[in-house]
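Two forms, one chain: they're shown below as structure tokens, one block per form, named structure 1 and structure 2.
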Structure 1
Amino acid sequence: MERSSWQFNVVMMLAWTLVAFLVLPMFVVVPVSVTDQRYLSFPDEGISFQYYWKMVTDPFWRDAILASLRVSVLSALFATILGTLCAIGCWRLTSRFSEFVRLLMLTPIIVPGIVHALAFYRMWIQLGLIDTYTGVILTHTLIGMPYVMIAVSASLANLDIRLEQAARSLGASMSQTVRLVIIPCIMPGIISGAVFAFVISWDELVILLFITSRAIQLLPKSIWDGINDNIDPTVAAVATAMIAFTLLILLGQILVRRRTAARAAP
């Protein structure tokens, strides 16, 4: 279709409408978050930031946010270390076996959440890990690893294998090669893998519903409860904060990319 044809214009109009459908609903929670009413509604007489205040002072919300941060940071850390090492190992072993390992490591992405939630529940009962931080962090590490593997493997694919050979022939031990040559080269991949693992853990609810009850209250579970009770406008404040956060991260990423592109250009 030519740029000027009416068909093209119709497609463009449809595309922008669809993008509006994609983006606009998120922002409907912003006015709700500053409501002056006691229930989920738009502001009536004036705007009030009481629910933001509640989000950071009410133990229910504050503790959930802090606990979620702790769990996500720790599981992202573990997932990143294990996933990165495994990706490097697979990269060195270019054989059918490493393809198998890669495929195996990707299973948590393929298996539907409800299925592994059931599996974890059954296993965690036997191991006494139900409703413990160890149990939650372990599950989040496992489901975060594949994303780290993918991101790091993508970085490794662009890495010249002769760099490693050079380091080795200059007398570096294997661990020195990994530490001083390979890891610095694939740092961007590791960082994006870590971010992915963090987000996966931060947003994960299905497993949480199965393996936690009273002792552990993380943010997704609090939002879930808040929505099901359908009265607490604090959920809208949390939602707005999370939208703002996502926006910031994306904008930051674009700025960084633009700067690296500008540096690479001349």
Structure 2
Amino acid sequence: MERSSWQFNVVMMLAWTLVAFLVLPMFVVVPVSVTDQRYLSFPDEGISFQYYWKMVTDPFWRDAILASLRVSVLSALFATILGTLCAIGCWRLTSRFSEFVRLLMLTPIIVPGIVHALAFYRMWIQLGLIDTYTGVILTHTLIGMPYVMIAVSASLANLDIRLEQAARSLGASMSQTVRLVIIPCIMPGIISGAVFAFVISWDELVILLFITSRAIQLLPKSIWDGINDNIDPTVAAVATAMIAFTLLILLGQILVRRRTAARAAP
């Protein structure tokens, strides 16, 4: 399809329309977050940042943000370690069993979230992990691992296996080869996987509603409770902060990937 053809222009117009349909409603919360009213609405007489101040000073929102950060960082860390090791193992073995393991690890992406929630609920009841930070971190680690595997496997697909063979032929052990050769070469994929795992944990709600009650109060659940109990514009301020934080993380990940690619270029 030529870039100057009318078919290309129609496809591009449909693509940008779809992007606008998906992205633009997300930014409606930005003007609502600076409203001067006591309910969810656009600013009437002026812009007010009172709800941003409430977000950082009210213990309800402040504690939820800090708890979400702790859970998301730990979950992303564990998911990155386990997902990276699993991806390297499947890449190194290259057998039917490794392909089965890879497919099994990607199953959580295919299965609906409500099915995960019911499964985790039944399992965590038996293990005594309901309404505990350990249960939430384990859950977010498991749902973040497939995204790490996808990102790391994509980097491994472009890795020249002769680098690993050269390191082994020069006397390096398998652990030294993984630590000094393979991981540095696939670091952009590992960083991308860690970012995805963090974002998945940061805004996950469905499973959280099943496996927690009052002892664990993370940010998505606080927003859910805030909408159900009363329409507080602080919810819009929190949502805007979450959007900005997520965009900041993705921007940082893109900059790291470009810098790593520039260093690797001859």
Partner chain sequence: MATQNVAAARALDLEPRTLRLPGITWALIGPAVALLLIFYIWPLVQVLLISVTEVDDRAAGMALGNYGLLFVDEGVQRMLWRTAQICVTTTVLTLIGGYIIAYAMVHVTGRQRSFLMFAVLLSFWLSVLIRAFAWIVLLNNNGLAYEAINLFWQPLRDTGIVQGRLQLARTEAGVIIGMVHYMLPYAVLPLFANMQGIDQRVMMAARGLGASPFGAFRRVYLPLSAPGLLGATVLVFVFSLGFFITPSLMGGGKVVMISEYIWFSMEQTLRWGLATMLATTLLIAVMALIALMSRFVDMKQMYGAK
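Please read these numbers as outputs of a predicted model, since none were measured by experiment. Here, a residue number simply tells you its place in the sequence of structure 1, counted from 1. Take the two forms, find the largest set of C-alpha atoms that superpose within 1.5 Å, and that set is the rigid core.
Between the two displayed forms of this chain, it is structure 1 that matches the form predicted together with the partner chain. For Gly46, the Cα coordinates differ by 2 angstroms or more between structures 1 and 2 after the core has been superposed. Superposing the two forms on their core, we find that the Cα atom of Phe21 is displaced by 3.4 Å between structures 1 and 2.
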